[in-house]
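Coming up is one lone chain in C-alpha coordinates, specifically the form predicted alone.
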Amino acid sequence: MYFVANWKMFGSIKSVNSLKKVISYSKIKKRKLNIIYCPPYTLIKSFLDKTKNSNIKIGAQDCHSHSKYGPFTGAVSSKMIKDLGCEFVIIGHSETRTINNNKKINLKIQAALSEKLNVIFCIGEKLIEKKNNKTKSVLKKQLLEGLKNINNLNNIIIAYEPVWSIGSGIIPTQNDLTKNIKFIKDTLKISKNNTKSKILYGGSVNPKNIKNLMRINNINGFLIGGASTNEKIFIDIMKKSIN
(Lines give C-alpha, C1' and ligand atoms only; values in the text may rest on other atoms or scores of the structure.)
Protein backbone atom coordinates (compact mmCIF):
# COMPACT_ATOMS: atom_id res chain seq x y z
CA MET A 1 0.00 0.00 0.00
CA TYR A 2 1.17 3.51 -0.84
CA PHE A 3 0.70 6.41 1.57
CA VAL A 4 1.68 9.68 -0.09
CA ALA A 5 1.80 12.75 2.13
CA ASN A 6 1.16 15.88 0.09
CA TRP A 7 2.05 18.76 2.42
CA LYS A 8 1.06 21.44 -0.10
CA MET A 9 2.11 24.92 1.15
CA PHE A 10 2.63 23.93 4.79
CA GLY A 11 5.64 23.40 6.99
CA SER A 12 8.77 25.03 8.37
CA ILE A 13 12.22 23.71 9.20
CA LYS A 14 10.87 22.68 12.62
CA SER A 15 8.32 20.48 10.85
CA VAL A 16 11.08 17.97 10.16
CA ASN A 17 10.73 16.84 13.79
CA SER A 18 7.24 15.57 12.99
CA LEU A 19 8.80 12.76 10.96
CA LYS A 20 10.33 11.01 13.98
CA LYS A 21 7.32 8.89 14.92
CA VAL A 22 6.52 8.06 11.30
CA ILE A 23 10.10 6.91 10.75
CA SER A 24 9.87 4.72 13.86
CA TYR A 25 6.51 3.33 12.76
CA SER A 26 7.81 2.52 9.28
CA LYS A 27 10.48 0.30 10.85
CA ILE A 28 8.05 -1.85 12.84
CA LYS A 29 5.37 -2.18 10.16
CA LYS A 30 3.32 -5.36 10.00
CA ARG A 31 3.34 -5.38 6.22
CA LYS A 32 5.12 -3.50 3.50
CA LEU A 33 4.12 0.16 3.40
CA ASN A 34 5.37 2.59 0.78
CA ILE A 35 5.52 5.92 2.60
CA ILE A 36 6.26 8.95 0.44
CA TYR A 37 6.49 12.54 1.68
CA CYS A 38 6.04 15.40 -0.80
CA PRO A 39 6.88 18.60 1.11
CA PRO A 40 7.32 22.10 -0.33
CA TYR A 41 10.53 22.62 -2.31
CA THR A 42 12.00 24.53 0.64
CA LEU A 43 11.86 21.44 2.87
CA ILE A 44 12.89 18.71 0.46
CA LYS A 45 16.57 18.68 1.49
CA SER A 46 15.68 18.65 5.19
CA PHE A 47 13.22 15.79 4.66
CA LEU A 48 15.79 13.84 2.65
CA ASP A 49 18.40 14.25 5.39
CA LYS A 50 15.95 13.22 8.10
CA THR A 51 14.77 10.07 6.31
CA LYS A 52 18.03 8.90 4.76
CA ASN A 53 18.32 5.89 7.10
CA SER A 54 14.68 4.87 6.70
CA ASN A 55 12.47 3.31 4.03
CA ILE A 56 10.57 6.57 3.54
CA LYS A 57 10.86 8.14 0.09
CA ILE A 58 10.70 11.84 -0.79
CA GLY A 59 9.04 13.54 -3.73
CA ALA A 60 8.20 17.00 -5.03
CA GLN A 61 4.75 18.50 -5.58
CA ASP A 62 5.27 19.57 -9.19
CA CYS A 63 7.93 20.23 -11.80
CA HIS A 64 8.46 22.34 -14.91
CA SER A 65 7.77 20.94 -18.36
CA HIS A 66 11.40 21.63 -19.31
CA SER A 67 13.40 18.79 -17.78
CA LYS A 68 16.85 20.40 -17.52
CA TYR A 69 17.87 24.03 -16.92
CA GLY A 70 16.41 27.12 -18.54
CA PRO A 71 15.42 30.79 -18.21
CA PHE A 72 12.27 30.14 -16.18
CA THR A 73 12.23 32.36 -13.11
CA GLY A 74 10.79 30.68 -10.04
CA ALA A 75 10.51 27.27 -11.71
CA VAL A 76 12.03 23.96 -10.65
CA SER A 77 12.90 21.27 -13.20
CA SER A 78 12.78 17.50 -12.83
CA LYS A 79 16.58 17.44 -13.14
CA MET A 80 16.87 19.69 -10.07
CA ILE A 81 14.41 17.50 -8.18
CA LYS A 82 16.32 14.36 -9.13
CA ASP A 83 19.67 15.94 -8.22
CA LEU A 84 18.38 16.56 -4.70
CA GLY A 85 17.70 12.86 -4.28
CA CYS A 86 13.94 12.73 -4.79
CA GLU A 87 12.37 9.65 -6.33
CA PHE A 88 8.82 10.92 -6.93
CA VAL A 89 6.94 13.95 -8.21
CA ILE A 90 3.23 14.78 -8.16
CA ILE A 91 1.93 16.04 -11.51
CA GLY A 92 -1.56 17.18 -12.46
CA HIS A 93 -2.93 17.90 -9.01
CA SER A 94 -6.19 19.85 -9.30
CA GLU A 95 -4.63 22.81 -7.50
CA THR A 96 -2.00 23.10 -10.24
CA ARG A 97 -4.36 22.27 -13.11
CA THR A 98 -5.76 25.82 -12.87
CA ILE A 99 -2.64 26.95 -14.76
CA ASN A 100 -1.88 23.71 -16.61
CA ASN A 101 -3.87 22.04 -19.37
CA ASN A 102 -3.57 18.37 -20.30
CA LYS A 103 -0.92 19.12 -22.93
CA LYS A 104 1.28 20.91 -20.39
CA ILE A 105 0.78 18.11 -17.89
CA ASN A 106 1.81 15.59 -20.53
CA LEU A 107 5.05 17.51 -21.15
CA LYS A 108 5.72 17.58 -17.42
CA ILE A 109 5.23 13.83 -17.14
CA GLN A 110 7.60 13.24 -20.05
CA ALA A 111 10.16 15.57 -18.46
CA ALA A 112 9.95 13.75 -15.13
CA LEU A 113 10.26 10.33 -16.74
CA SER A 114 13.30 11.49 -18.72
CA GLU A 115 15.03 12.11 -15.37
CA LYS A 116 13.91 8.69 -14.10
CA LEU A 117 11.50 10.10 -11.53
CA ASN A 118 8.38 8.17 -10.54
CA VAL A 119 5.26 10.16 -11.39
CA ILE A 120 2.13 10.40 -9.26
CA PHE A 121 -0.33 11.51 -11.94
CA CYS A 122 -3.48 13.11 -10.53
CA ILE A 123 -6.83 13.06 -12.28
CA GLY A 124 -10.33 13.93 -11.10
CA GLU A 125 -13.61 15.62 -11.94
CA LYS A 126 -15.14 18.84 -10.61
CA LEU A 127 -18.49 18.93 -8.85
CA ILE A 128 -20.32 20.43 -11.85
CA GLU A 129 -18.87 17.69 -14.06
CA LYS A 130 -20.03 15.03 -11.63
CA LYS A 131 -23.54 16.52 -11.50
CA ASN A 132 -23.69 16.58 -15.30
CA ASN A 133 -22.64 12.90 -15.49
CA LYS A 134 -19.36 13.78 -17.18
CA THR A 135 -17.04 12.04 -14.72
CA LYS A 136 -16.00 9.26 -17.10
CA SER A 137 -15.48 11.55 -20.09
CA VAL A 138 -13.37 13.91 -17.96
CA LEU A 139 -11.24 11.09 -16.55
CA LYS A 140 -10.75 9.55 -19.99
CA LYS A 141 -9.68 12.87 -21.50
CA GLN A 142 -7.24 13.56 -18.65
CA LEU A 143 -5.76 10.07 -18.93
CA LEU A 144 -5.40 9.92 -22.71
CA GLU A 145 -4.11 13.46 -23.18
CA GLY A 146 -1.94 13.41 -20.06
CA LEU A 147 -0.32 10.13 -21.10
CA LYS A 148 -0.06 10.89 -24.81
CA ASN A 149 3.06 9.30 -26.40
CA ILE A 150 3.80 7.49 -23.14
CA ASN A 151 3.41 3.73 -23.51
CA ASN A 152 5.49 2.47 -20.59
CA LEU A 153 3.56 3.20 -17.40
CA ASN A 154 5.88 1.27 -15.06
CA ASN A 155 6.97 4.48 -13.35
CA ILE A 156 3.54 6.12 -13.25
CA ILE A 157 1.08 5.88 -10.37
CA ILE A 158 -2.44 7.17 -11.01
CA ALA A 159 -4.05 9.18 -8.20
CA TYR A 160 -7.80 9.58 -8.52
CA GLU A 161 -8.79 12.74 -6.66
CA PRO A 162 -12.32 14.05 -7.20
CA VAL A 163 -11.83 17.81 -7.05
CA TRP A 164 -15.07 18.25 -5.12
CA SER A 165 -13.84 15.91 -2.38
CA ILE A 166 -10.50 17.57 -1.64
CA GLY A 167 -10.68 19.30 1.74
CA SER A 168 -14.46 19.01 1.87
CA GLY A 169 -14.72 16.04 4.19
CA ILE A 170 -16.98 14.37 1.61
CA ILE A 171 -15.88 11.26 -0.25
CA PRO A 172 -17.50 9.37 -3.13
CA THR A 173 -19.87 6.52 -2.32
CA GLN A 174 -18.36 3.07 -2.30
CA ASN A 175 -20.27 2.26 -5.48
CA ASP A 176 -19.09 5.39 -7.33
CA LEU A 177 -15.50 4.90 -6.23
CA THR A 178 -15.49 1.24 -7.28
CA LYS A 179 -16.93 2.10 -10.70
CA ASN A 180 -14.59 5.04 -11.31
CA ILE A 181 -11.45 3.14 -10.39
CA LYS A 182 -12.52 0.23 -12.58
CA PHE A 183 -13.11 2.70 -15.41
CA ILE A 184 -9.57 4.06 -14.96
CA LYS A 185 -8.12 0.54 -15.05
CA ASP A 186 -10.18 -0.36 -18.13
CA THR A 187 -9.15 2.84 -19.94
CA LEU A 188 -5.49 2.09 -19.33
CA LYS A 189 -5.98 -1.52 -20.40
CA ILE A 190 -7.59 -0.53 -23.69
CA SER A 191 -5.48 2.52 -24.56
CA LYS A 192 -2.11 1.54 -23.10
CA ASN A 193 -2.34 -2.26 -22.91
CA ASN A 194 -1.66 -1.85 -19.20
CA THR A 195 -3.57 -3.28 -16.25
CA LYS A 196 -0.82 -3.22 -13.63
CA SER A 197 -0.74 0.50 -12.86
CA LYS A 198 -1.14 1.38 -9.20
CA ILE A 199 -4.24 3.43 -8.42
CA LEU A 200 -4.35 5.71 -5.39
CA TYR A 201 -7.35 7.55 -3.98
CA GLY A 202 -7.12 11.10 -2.66
CA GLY A 203 -9.69 13.46 -1.21
CA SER A 204 -10.53 13.96 2.48
CA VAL A 205 -8.83 10.73 3.58
CA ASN A 206 -8.88 10.45 7.39
CA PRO A 207 -8.85 7.83 10.18
CA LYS A 208 -12.66 7.66 10.20
CA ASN A 209 -13.12 6.68 6.56
CA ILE A 210 -9.92 4.74 5.85
CA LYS A 211 -11.42 1.32 6.68
CA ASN A 212 -14.29 1.84 4.26
CA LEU A 213 -11.90 3.07 1.59
CA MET A 214 -9.75 -0.03 2.06
CA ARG A 215 -12.73 -2.16 1.03
CA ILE A 216 -12.70 -0.70 -2.49
CA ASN A 217 -11.27 -3.05 -5.11
CA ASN A 218 -8.12 -1.99 -6.96
CA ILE A 219 -7.10 0.77 -4.53
CA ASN A 220 -3.35 0.50 -3.98
CA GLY A 221 -2.97 3.40 -1.57
CA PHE A 222 -3.82 6.97 -0.77
CA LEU A 223 -2.74 10.52 -1.53
CA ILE A 224 -3.27 12.38 1.72
CA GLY A 225 -3.27 16.14 2.17
CA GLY A 226 -3.82 18.00 5.44
CA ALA A 227 -4.13 14.85 7.55
CA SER A 228 -0.56 13.88 6.65
CA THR A 229 0.93 16.98 8.29
CA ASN A 230 -0.12 15.62 11.70
CA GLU A 231 2.07 12.63 12.52
CA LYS A 232 -0.44 11.05 14.92
CA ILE A 233 -3.28 11.23 12.40
CA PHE A 234 -1.05 10.03 9.55
CA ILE A 235 0.10 7.02 11.57
CA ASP A 236 -3.49 6.34 12.66
CA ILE A 237 -4.57 6.21 9.01
CA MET A 238 -1.81 3.71 8.22
CA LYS A 239 -2.57 1.57 11.28
CA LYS A 240 -6.27 1.39 10.50
CA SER A 241 -5.53 0.43 6.91
CA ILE A 242 -3.79 -2.68 8.23
CA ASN A 243 -6.00 -3.69 11.15
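If you're wondering where the values come from, they're calculated on a predicted model, not measured in any experiment. Start at 1 with the first residue shown and count on from there.
Another form exists, predicted together with phosphoenolpyruvate (PEP); not displayed. Remarks below refer to it.
Participant: Looking at the partner-bound form in the predicted bound form, is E161 within 4.5 Å of phosphoenolpyruvate (PEP) by any heavy atom?
Facilitator: Contact with phosphoenolpyruvate (PEP), yes.
Participant: Using the partner position in the predicted bound form, report whether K240 sits within 4.5 Å of phosphoenolpyruvate (PEP), counting heavy atoms only.
Facilitator: Outside the cut-off, so no.
Participant: Is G221 a contact residue for phosphoenolpyruvate (PEP) in the predicted bound form, using a 4.5 Å heavy atom cut-off?
Facilitator: Output for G221 is no: heavy atoms all beyond 4.5 Å of phosphoenolpyruvate (PEP).
Participant: Would you check, heavy atoms only and a 4.5 Å threshold, whether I166 touches phosphoenolpyruvate (PEP) in the predicted bound form?
Facilitator: Because a heavy atom of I166 falls inside 4.5 Å of phosphoenolpyruvate (PEP) in the predicted bound form, the answer is yes.
Participant: Looking at heavy atoms inside 4.5 Å, which stretch does phosphoenolpyruvate (PEP) contact in the predicted bound form, given the options 143-151, 166-174, 68-76, 109-117?
Facilitator: Residues of 166-174 come within 4.5 Å of the partner.
Participant: Going by heavy atom distances of 4.5 angstroms or less, which of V205, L188, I35, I199 would be at the interface with phosphoenolpyruvate (PEP) in the predicted bound form?
Facilitator: The residue from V205, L188, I35, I199 that makes the contact is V205.
Participant: With the partner left out here, which residues of 1-15 have a non-hydrogen atom within 4.5 Å of phosphoenolpyruvate (PEP) in the predicted bound form?
Facilitator: Contacting residues: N6, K8.
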